[in-house]
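Okay, so here's just one chain, in structure tokens, the form predicted alone.
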């Protein structure tokens, strides 16, 4: 009897996780075309089965019906440290930055991410279903990032994709380490590491086993960067640091995404010419240190220049240790960015930049059924998130 009960319980769990849903929205922003009115999204097997428009659409039998004023794709946080940083702001849940030395690209976010961290549930209940998370800015090379869903009991359940290697230029590096103390020293140290990696690659390709170098985790990761197998996420806020990062990228030819970029509006033409995408700082980032010249209007200026960008929650030193990208996009929309472009910056554009737009970021047939249900305009202060679906499973039905 006990064995039968276990089997029945497992069966119930499977049915719940692969529920058939019919989600009706008065307005549905698919981010794959114009907004739809009185649309129904059919979900089956964890995927979007079909998107139908029209008040007279007949719902199929056997589907759980959910209704909302507005439905959007699950929100995509293009850069955060949630899962490495925790909700309690205590030493045991702050794994986002190792300060024993300034260059450690070999550190893996997959080894530090805690999928059961309460902060993940906090952001998920506010609509974030996908995160690009990992080691924080503050070291020349702080480690790698990962792309995860905000569900799952283990990293294996949550993991979507390997991410990038996180680099930083700026005052935060100098404040965390005795050396480098100046901007010139930061650039010189990183150039030296890439030169070492070039030599490591050359020696590794030798036909003579005796001439090949011993395995070196740091060099292996930098070699992946040089071979364009792994992108660089380069955090730089001041215009001088942004330009230094762009020069380094041009010299060594690695694939790069510019991160932070508080003074991007001062070097828009140079960023445009480089062809790099930008994961812009949170719109409401506090103005101090490297970000003393931050502007609410930078997102709109990047859009006007034709630069691909996304918004992020970033890293905060206060509890609960994170911002919410929904609110950051709302402020960007109030400062020159259109509603649709602001929503794109935390859905489809964010998904494209972090390389998972084949699965998330828009409401299209065959994509993961990640959806957010609102009781009003998503960017209005009085609106609530009243439903969150991840991989076709309803993970929240309480208005937040």
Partner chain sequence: MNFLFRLIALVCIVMTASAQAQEKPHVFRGATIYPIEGDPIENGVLVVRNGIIVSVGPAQSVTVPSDAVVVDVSGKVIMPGLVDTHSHIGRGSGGDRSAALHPDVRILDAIDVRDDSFKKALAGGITTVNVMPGSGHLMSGQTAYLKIRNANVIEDMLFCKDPLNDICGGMKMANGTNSIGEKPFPGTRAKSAAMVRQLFLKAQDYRSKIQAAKGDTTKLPKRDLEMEAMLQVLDGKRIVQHHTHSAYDIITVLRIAKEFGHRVVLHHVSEAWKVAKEIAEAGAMCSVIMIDSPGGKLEAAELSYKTGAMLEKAGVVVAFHTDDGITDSRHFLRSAAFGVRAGMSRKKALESVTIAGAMMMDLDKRVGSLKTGKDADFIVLSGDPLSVYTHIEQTWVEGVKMYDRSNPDDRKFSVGGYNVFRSGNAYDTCEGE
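As the structure is a prediction and not an experimental result, all values here were calculated from the model. Residue numbers count along the first chain shown, from 1.
Here the subject shifts to the form predicted together with its partner chain, a form of this protein not shown in this document.
J.: Kindly confirm or deny that 295, 327 and 333 each have some heavy atom within 4.5 angstroms of its partner chain in the predicted bound form.
T.: Yes: each residue has a heavy atom within 4.5 Å of the partner.
J.: Report the residue, out of 212, 228, 286, 250, that has at least one non-hydrogen atom within 4.5 angstroms of its partner chain in the predicted bound form.
T.: By the 4.5 Å heavy-atom cutoff, the listed residue in contact is 286.
J.: With heavy atoms only and a cut-off of 4.5 Å, decide whether residue 159 touches its partner chain in the predicted bound form.
T.: No.
J.: Taking its partner chain as it sits in the predicted bound form, is residue 290 in contact with it (heavy atom to heavy atom, 4.5 Å or less)?
T.: Output for residue 290 is no: heavy atoms all beyond 4.5 Å of its partner chain.
J.: Are any of the heavy atoms in residue 20 no more than 4.5 Å from a heavy atom of its partner chain in the predicted bound form?
T.: No - in the predicted bound form, heavy atoms of residue 20 and its partner chain never come within 4.5 Å of each other.
J.: Is there a non-hydrogen atom of residue 87 within 4.5 angstroms of a non-hydrogen atom of its partner chain in the predicted bound form?
T.: Within the cut-off, so yes.
J.: Could you tell me which stretch in 122 to 130, 251 to 259, 270 to 278, 189 to 197 has residues with non-hydrogen atoms within 4.5 Å of its partner chain in the predicted bound form?
T.: Going by heavy atoms within 4.5 Å, the stretch is 122 to 130.
J.: So which residues in 361 to 377, when you check its partner chain in the predicted bound form, have a heavy atom no farther than 4.5 Å from it?
T.: Residue within 4.5 Å: 377, and no other.
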